[in-house]
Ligand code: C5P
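Take a look at this single chain, the form predicted on its own, given in structure tokens.
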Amino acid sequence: MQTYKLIAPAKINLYLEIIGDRPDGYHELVMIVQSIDLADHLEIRPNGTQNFHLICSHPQVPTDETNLAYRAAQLMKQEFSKAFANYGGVDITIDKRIPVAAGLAGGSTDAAGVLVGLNLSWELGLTLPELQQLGQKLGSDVPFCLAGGTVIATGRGEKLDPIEDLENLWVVLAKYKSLEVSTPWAYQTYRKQFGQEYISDRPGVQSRTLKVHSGPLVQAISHKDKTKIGQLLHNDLEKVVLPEHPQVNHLRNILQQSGGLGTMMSGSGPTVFTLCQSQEEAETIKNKAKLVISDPNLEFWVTRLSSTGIKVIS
């Protein structure tokens, strides 16, 4: 059994629409999801025991069964008990570079990395669709994080339809270190405020989903129309998160005023991002925003859009 090192990219939402409720209690969503080069680095190393040990560079990240990466290892143990008995446990080391509790799928991408790493370590030979099916048991974002790229995600976010990859755009992201937004709170609050607008019948849900598949943003992506892409960014959760968190709203306004193709909050926040045509433009926008909001609690990242999910580097 050998050691594997992997790169686990973060993701942003270019589009997030809440269509209605699902019978399982989740929301019916239509999203356009995009992987980015900002990524955690994972190492999966055999430890010669019958246990999993999780080590993380970030003090806020738990290293027990509450961590999604640890749960991914436990899931693999349950599903492939013979392989576990044969190969044994591993040490999972996470070099945390994606900000914590940022709405960028940091936990989900680490879990995806563990699935890939154990698939290789235990020589299981699982395909990407098989790994994605396992990933659904861990969370709605895990199947996307495995594959990456530019994807229309429907259902709870687990049904994926790849579209044209966006690779030649940059993004500047910003987040207040101490600020977290609860994803369940955001969706529950949205349901309370806008539930009367939900589509409740299946034909209606399917019709709305199909409209997004052939809608203006997908067309702009397929035609590589960068200006249009920036103009068509959309996130329903901004309606509840921004009024509740004036800091995030102010940050969004400042980034928007600083230039770029378009600005939006990603997922349930609190990270805000601006799409840019180049690294130079992204750096300029970051510096402008930092001059206006001089706060040591505010962090910035400049990165590119990516066409890949989990990558094995050694």
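What you see is a predicted model, and the numbers here were worked out from it, not measured in a lab. From 1 onward, residues are counted along the sequence shown.
Keep in mind the form predicted together with cytidine-5'-monophosphate is missing from the figure; the text below concerns it.
Enquirer: If we define contact as a non-hydrogen atom of the residue within 4.5 angstroms of the partner, is residue 27 a contact of cytidine-5'-monophosphate in the model of the complex?
Expert: Residue-level check for residue 27: yes, a contact with cytidine-5'-monophosphate.
Enquirer: May I ask you to check whether residue 140 falls inside a 4.5 Å heavy atom distance of cytidine-5'-monophosphate in the model of the complex?
Expert: Because a heavy atom of residue 140 falls inside 4.5 Å of cytidine-5'-monophosphate in the model of the complex, the answer is yes.
Enquirer: Does residue 86 reach cytidine-5'-monophosphate in the model of the complex if we count a contact as any heavy atom within 4.5 Å?
Expert: Residue 86: no contact with cytidine-5'-monophosphate in the model of the complex.
Enquirer: May I ask you to check whether residue 184 falls inside a 4.5 Å heavy atom distance of cytidine-5'-monophosphate in the model of the complex?
Expert: Although cytidine-5'-monophosphate is absent here, residue 184 would touch it in the model of the complex, with heavy atoms inside 4.5 Å.
Enquirer: Of the residues 177, 234, 208, 156, which one places a heavy atom within 4.5 Å of cytidine-5'-monophosphate in the model of the complex?
Expert: So the residue touching cytidine-5'-monophosphate in the model of the complex, by this definition, is 156.
Enquirer: Of these, 110-118, 132-140, 90-98, 240-248, which stretch puts a heavy atom within 4.5 angstroms of cytidine-5'-monophosphate in the model of the complex?
Expert: Looking at the other structure, the answer is 132-140.
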